[in-house]
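Presented as structure tokens, the chain that follows is alone, the form predicted alone.
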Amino acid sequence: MLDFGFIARAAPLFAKAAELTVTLAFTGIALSAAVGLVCALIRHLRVPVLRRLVGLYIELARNTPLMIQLFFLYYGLPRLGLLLEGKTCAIVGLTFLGGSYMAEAIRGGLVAVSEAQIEAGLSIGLRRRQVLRYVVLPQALAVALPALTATAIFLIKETSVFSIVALPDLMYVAKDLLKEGHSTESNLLLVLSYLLIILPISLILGWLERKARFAGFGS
């Protein structure tokens, strides 16, 4: 039988932890999208030198776990004289990881835009920057939207490792309450917390995907 008294006492702790998790996740996702867009454009436009550096960054970020990145930021950098608080490490780590996935998703969208669309924009007198802004990017982002959605949800799930940098997130609270012996109740609250965070976001992003498809983008 579930201990509903314990659940009632623990629920506010999970609610506070969920608020922290959502704040860090949304900040990391927003910054990841910005980093991803810049990196995708650098690779797509074949900017000298920077293109190679971006490629190296993407390979490094995508092939190292977030936990290792956080360990380096929180425990490694202080040895080099740079001390970052837990929240900063979490946001930087999530952005570092998420930016690489966002970059590849957006670059895939940019590649999907046909040359005919670009030529049509140039033929009506638009400059190349205007073609990129008004013709290429809207279509590219619409095509990339499913991958961007998946990446956003993936990043929210990755926040479960933030507890290693001493942040009182959902996983931290669950581990702390497990010491009291209420494993079933703690795990149930943990699952419900993530479900309440991820499900609405998934539904909203799914709606945006369908709306973009019906508008004629990404087809």
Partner chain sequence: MARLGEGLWVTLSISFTSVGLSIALGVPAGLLMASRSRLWRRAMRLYLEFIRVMPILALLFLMYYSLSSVFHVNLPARLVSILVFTLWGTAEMADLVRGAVTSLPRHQWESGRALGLSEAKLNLHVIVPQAVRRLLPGVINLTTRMIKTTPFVFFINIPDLVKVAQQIVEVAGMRDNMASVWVYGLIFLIYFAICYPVSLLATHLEKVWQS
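What you see is a predicted model; the values in this text were computed from it and never measured. Residue numbers count along the first chain shown, from 1.
Heads up, the form predicted in complex with the partner chain isn't pictured, but that's what we're talking about next.
Q: Report the residue, out of 53, 178, 47, 30, that has at least one non-hydrogen atom within 4.5 angstroms of the partner chain in the predicted bound form.
A: Contact residue from the list: 178.
Q: Which one of these stretches, 113 to 121, 70 to 78, 136 to 144, 83 to 91, sits within 4.5 Å of the partner chain in the predicted bound form when only heavy atoms are counted?
A: The contacting stretch here is 70 to 78.
Q: Residue 198 versus the partner chain, in the predicted bound form: is there a non-hydrogen atom within 4.5 Å?
A: Taking the distances in the predicted bound form, the answer for residue 198 is yes, it comes within 4.5 Å of the partner chain.
Q: Give a yes or no for residue 164: in the predicted bound form, does one of its heavy atoms lie within 4.5 Å of a heavy atom belonging to the partner chain?
A: It does: once the partner chain is placed as it appears in the predicted bound form, residue 164 has a heavy atom within 4.5 Å of it.
Q: Verify the contact flag for residue 34: yes if a non-hydrogen atom of it lies within 4.5 Å of a non-hydrogen atom of the partner chain in the predicted bound form, no if not.
A: No, no contact at 4.5 Å.
Q: Does any heavy atom of residue 190 come within 4.5 Å of a heavy atom of the partner chain in the predicted bound form?
A: Looking in the predicted bound form, residue contacts with the partner chain include residue 190, since a heavy atom lies within 4.5 Å.
Q: Taking heavy atoms and a 4.5 Å limit, what residues of 33 to 64 are near the partner chain in the predicted bound form?
A: Going through 33 to 64 in order - heavy atoms within 4.5 Å of the partner chain in the predicted bound form - the hits are 59, 60, 62, 63, 64.
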